[in-house]
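What follows are structure tokens for two forms of the same protein chain, given separately as structure 1 and structure 2.
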Structure 1
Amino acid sequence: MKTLTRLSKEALVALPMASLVSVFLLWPALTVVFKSFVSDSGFRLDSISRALSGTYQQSFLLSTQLSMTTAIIGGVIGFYLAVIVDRMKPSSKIRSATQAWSAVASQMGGVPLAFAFFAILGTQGIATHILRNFGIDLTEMGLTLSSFWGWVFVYLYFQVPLMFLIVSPALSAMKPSWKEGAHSLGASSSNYWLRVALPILFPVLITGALLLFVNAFSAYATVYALSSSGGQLVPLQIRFILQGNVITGEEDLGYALVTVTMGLLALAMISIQVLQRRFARWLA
């Protein structure tokens, strides 16, 4: 009886959150998946087939390339930044400033971020004019914000601090006895990192890279503001179709693009959960 009462109370507490998730997440997601496979004429797979071929296949490839590039580069830089900061004293002002900046920058994106980069590194940006006075023309070098590597550069602004925030707690949780034990057995600092620290941190690093991939793949307004060619990316293809900029009756293609995207992101999130459990066993 007591167990039933406790379960009833827990269900009552969880009801508001469960209702929000059901109404604003599960129901829209299931509706989109249903419309991707079912039409007035019955079950069909042609929408999914179209979403994975032709121009839309290229969009998925471009979005994947951009997401993987920023995840790898941002992950490496964020990891090294976390290692450097972890070695600082807890009272260090640089450490506090880096943590504060990471918390803000990791959540920054969209049009404000694009405008900030335009003001600094755009064709008429402040830094662009300064470098031009020193004989360095970014435009002639092909470094523009509307290019692929321009997108990568902007994305790194929020990818690096996000990786920093993911890795920092894991570094803090590393037990000093592991390092002391390795050194007592004659291991150098490089051997400790290669044979002890990195294998333990590997699930966290892969988890962080996957989170960065998901974060970049779902980014929308930043590239839209940076370049009209950003419309080649999957999120903007979806926007273009579902806003009615296609022939009437083509909405099912937009639903199919969303379904494929959700499938890719769901696969990444499942991988993240598996890796997090593995890391938890290391710390147990």
Structure 2
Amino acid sequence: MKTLTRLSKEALVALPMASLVSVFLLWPALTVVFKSFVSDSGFRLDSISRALSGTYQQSFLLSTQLSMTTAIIGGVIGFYLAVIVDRMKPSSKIRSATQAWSAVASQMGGVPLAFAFFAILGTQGIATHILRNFGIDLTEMGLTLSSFWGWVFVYLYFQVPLMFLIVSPALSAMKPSWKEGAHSLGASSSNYWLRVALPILFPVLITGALLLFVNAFSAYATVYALSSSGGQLVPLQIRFILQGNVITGEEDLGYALVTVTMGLLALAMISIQVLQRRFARWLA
């Protein structure tokens, strides 16, 4: 009897979370995956294969390229920023300002971000205008907000702060005694970084890059607001097909696209978990 009341208490504690997650996360995800393999005519794989070929294959490639590029560039810049800030005193105003701003900027996306970049680099943008006065035409150079590198430039706005926020705690957990120990053994600063710091930080860096990848891949609002040619990216493809939801009659394709996306992102997240375990050992 005692175990029964205890079990029901445990169930009560888990209930809110369990119901939230089941109804709004697990069930919808499973439904969509299920529907990508099963339709009225039974089990089929052709939706998935369609999702992986032709224009959709291009979409996945484009999305992956964009995500990887912003993950790597954003990762490097964010990491370097974290390194610089970590050197400052904890009470430094720059340090706290950077942390606060990163929290804001990492959540920024979509509409406000697009506006901001339109205002500066769009066709009516002030920087575009100024550069034109100096004879530099960005449109001619293909560096507009509708181009790949334009998107990369915009995505960095939230990718860099995100990387900063991920890496900073790890950097503060690095013991100064490691650095001092390395120096006392004759290591120069670059030696220290190459042989001691980077190997230790490696899991966190890869985790950060992977998270940036995941973050970029799923980004929808930003590109939606930025340009029409963004329609080639996977999230927008999915939206286009599943929009209205009945008329196109091609929902299975939409579901299949979602399933493939989930598979890709799941792979990334599993890699992160594996790395987390290694990381925890070193910095515990």
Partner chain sequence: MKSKFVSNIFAIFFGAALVSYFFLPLLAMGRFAFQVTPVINLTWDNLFEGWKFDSITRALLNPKVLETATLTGGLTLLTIFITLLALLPIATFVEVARPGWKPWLTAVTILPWIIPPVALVVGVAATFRPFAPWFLSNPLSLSFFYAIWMLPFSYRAIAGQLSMIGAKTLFEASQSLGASTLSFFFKVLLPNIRNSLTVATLLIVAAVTGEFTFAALLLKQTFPVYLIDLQSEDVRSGYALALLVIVATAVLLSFVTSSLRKRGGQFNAIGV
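On a predicted model such as this, the values are computed, not experimentally measured, just so you know. Numbering runs along the sequence of structure 1, starting at 1. Rigid core here is just the name for the largest C-alpha set that superposes within 1.5 Å across the two forms.
So which is the form predicted alone here, 1 or 2?
Number 1 is right.
Taking the rigid core as the reference frame, tell me whether M88 has a CA displacement of 2 angstroms or more between the two structures.
Shift of 2 Å or more: no.
After superposing the rigid core, is the C-alpha displacement of I72 2 Å or more between the two structures?
The answer is no, as the C-alpha of I72 shifts between the two structures by less than 2 Å after core alignment.
To one decimal place, what C-alpha displacement in Å is found for I130 between the two structures with the rigid core superposed?
Displacement of the alpha carbon, after core fit: 3.0 Å.
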